[in-house]
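For reference, the chain that follows is the form predicted on its own, supplied as structure tokens.
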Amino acid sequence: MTNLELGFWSFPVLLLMIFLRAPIGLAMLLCGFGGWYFAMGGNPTPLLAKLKSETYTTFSSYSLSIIPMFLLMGQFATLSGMSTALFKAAESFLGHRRGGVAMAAVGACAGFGAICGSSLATAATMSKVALPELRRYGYSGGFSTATLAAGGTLGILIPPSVILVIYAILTEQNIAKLFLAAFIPGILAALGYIITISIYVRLNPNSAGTRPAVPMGERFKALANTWPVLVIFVVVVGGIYLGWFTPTEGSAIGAAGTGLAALLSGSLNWSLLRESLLGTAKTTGMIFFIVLGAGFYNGFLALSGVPQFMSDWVVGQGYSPWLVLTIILVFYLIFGCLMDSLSMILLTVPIFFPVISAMDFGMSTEHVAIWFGILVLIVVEVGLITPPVGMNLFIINSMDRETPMTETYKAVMYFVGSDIVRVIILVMFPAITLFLLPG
């Protein structure tokens, strides 16, 4: 069997292992091990040398140190009560409108996503704050859980985003430019969800209750309580963009800023500090193990020649670049329902990125790479809320056992429709994504 055939056979083996509930990092590591072993003719020496070098080069990467810092930033943000302040501020301005409390939850998710690069963390944190209020004002269970599941996806789209950092490392792109490119699509996502809520409550009048308007003075007082979020976001993202510090330095500054905010709020003590550090360490360990497994497996795929073969084959067929892009995005949309976003990015980008890079979309190679990264991030994000296996749906539903999953499924399809419309718009008009980029 040739190396190319080994590479292609590794895909069904990997999918079978995932189907059998093997951890995705372990599945990729074992497939990479097996592939390297057979490609080297059964000689274990190169395999062991590869294991040593791959582990060192992966974990000694300076760029990867940004991940635990952003994770710690999210942990501190949760402890400091920023999620509650964001929701109360949004609710004071929007709560009295039709579907306003749900709109406030989406707005708070967007704000929290600006200081937390995790979708699942955003969904889980905001649910603790918003679910009781949604229940209090008569919002139906399915509508409430679907809103929070969709809002949670803003955590990985609005910068800073851990997934964008991984994509930047894989494709050797500028992290600051990717963060900047994600900003307008992130705002569009939040606006799209708010419009979706407005449509939903008009089609289903009994799904949402009303609450009295808040006096203007109280609104501005609630808004003033969100100042730590605004300051941290402006300092971190603005500082990275203006070149005051690197993205890695910015992540450390963000973690320190949210830690200070948690301390000043009186919510941070030694016990919670220990809990935050342990939570960050556990999540970092999980992510790094997946990164190692993906690095080993993708190294085997490069040795087998599968990415280059796929790129040459697609280009040789003469297919339209837009058709190829559409097929790839549909693939992400389908498989995003079955795998978590990080695993999808690590597994597929090394295969699909060379294909897209070889296509002519009428813009520079860098702009194509950034535009494709944002599109991939969005469709993977849609997979988080697409039945039957959307991860965010299960996270939210576990926090509201009274609501049947089928009710969440019905309501969330409105948000999935909003996401698909947004993807189509960003595919048709790349300038929306690239608008803020210099040059």
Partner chain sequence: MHRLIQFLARFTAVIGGLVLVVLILMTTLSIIGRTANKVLHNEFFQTQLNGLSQALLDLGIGEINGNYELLEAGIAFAIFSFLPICQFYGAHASVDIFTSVLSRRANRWIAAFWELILTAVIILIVWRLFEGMQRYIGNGETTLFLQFPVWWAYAASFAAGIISCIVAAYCAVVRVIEAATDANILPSEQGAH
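Under this definition, the rigid core comprises the largest set of C-alpha atoms superposing within 1.5 Å between the forms. If you're wondering where the values come from, they're calculated on a predicted model, not measured in any experiment. Residue numbers count along the first chain shown, from 1.
As for the form predicted together with the partner chain, it is not shown, yet the points below apply to it.
K.L.:
Could you check which residue among I374, A411, V382, L29 gets a heavy atom within 4.5 Å of the partner chain in the predicted complex?
P.N.:
Here the answer is residue option L29.
K.L.:
Could you work out which of S207, T283, T125, S311 is the residue within 4.5 angstroms of the partner chain in the predicted complex, going by heavy atoms?
P.N.:
It is T283 that has a heavy atom within 4.5 Å of the partner.
K.L.:
Test of understanding: in the predicted complex, would A255 fall inside 4.5 Å of the partner chain by heavy atoms?
P.N.:
Because a heavy atom of A255 falls inside 4.5 Å of the partner chain in the predicted complex, the answer is yes.
K.L.:
Can you work out whether V324 and the partner chain are in contact in the predicted complex, taking contact to mean some heavy atom pair no more than 4.5 Å apart?
P.N.:
Judged by the heavy-atom cut-off of 4.5 Å, V324 is well away from the partner chain in the predicted complex.
K.L.:
Even though the partner chain is not shown here, does F245 get within 4.5 Å of it in the predicted complex, heavy atoms only?
P.N.:
Although the partner chain is absent here, F245 would touch it in the predicted complex, with heavy atoms inside 4.5 Å.
K.L.:
Is V330 close enough to touch the partner chain in the predicted complex, meaning at least one heavy atom pair within 4.5 Å?
P.N.:
Output for V330 is no: heavy atoms all beyond 4.5 Å of the partner chain.
K.L.:
Determine which one of 180-188, 88-96, 362-370, 113-121 lies within 4.5 Å of the partner chain in the predicted complex, judging by heavy atom distances; exactly one does.
P.N.:
Result of the contact check: 113-121.
K.L.:
Any chance Y137, T147 and E218 all have a heavy atom within 4.5 Å of the partner chain in the predicted complex?
P.N.:
Verified in the predicted complex; spot residues all out of contact, no.
K.L.:
Enumerate the residues of 1-29 that have a non-hydrogen atom within 4.5 Å of the partner chain in the predicted complex, in sequence order, or give none.
P.N.:
Read in sequence order, the residues that approach the partner chain (within 4.5 Å, in the predicted complex) are M17, I18, F19, L20, R21, A22, P23, I24, L26, L29.
K.L.:
Rigid core aligned, does the Cα position of F59 differ by 2 Å or more between this form and the one not shown?
P.N.:
Shift of 2 Å or more: yes.
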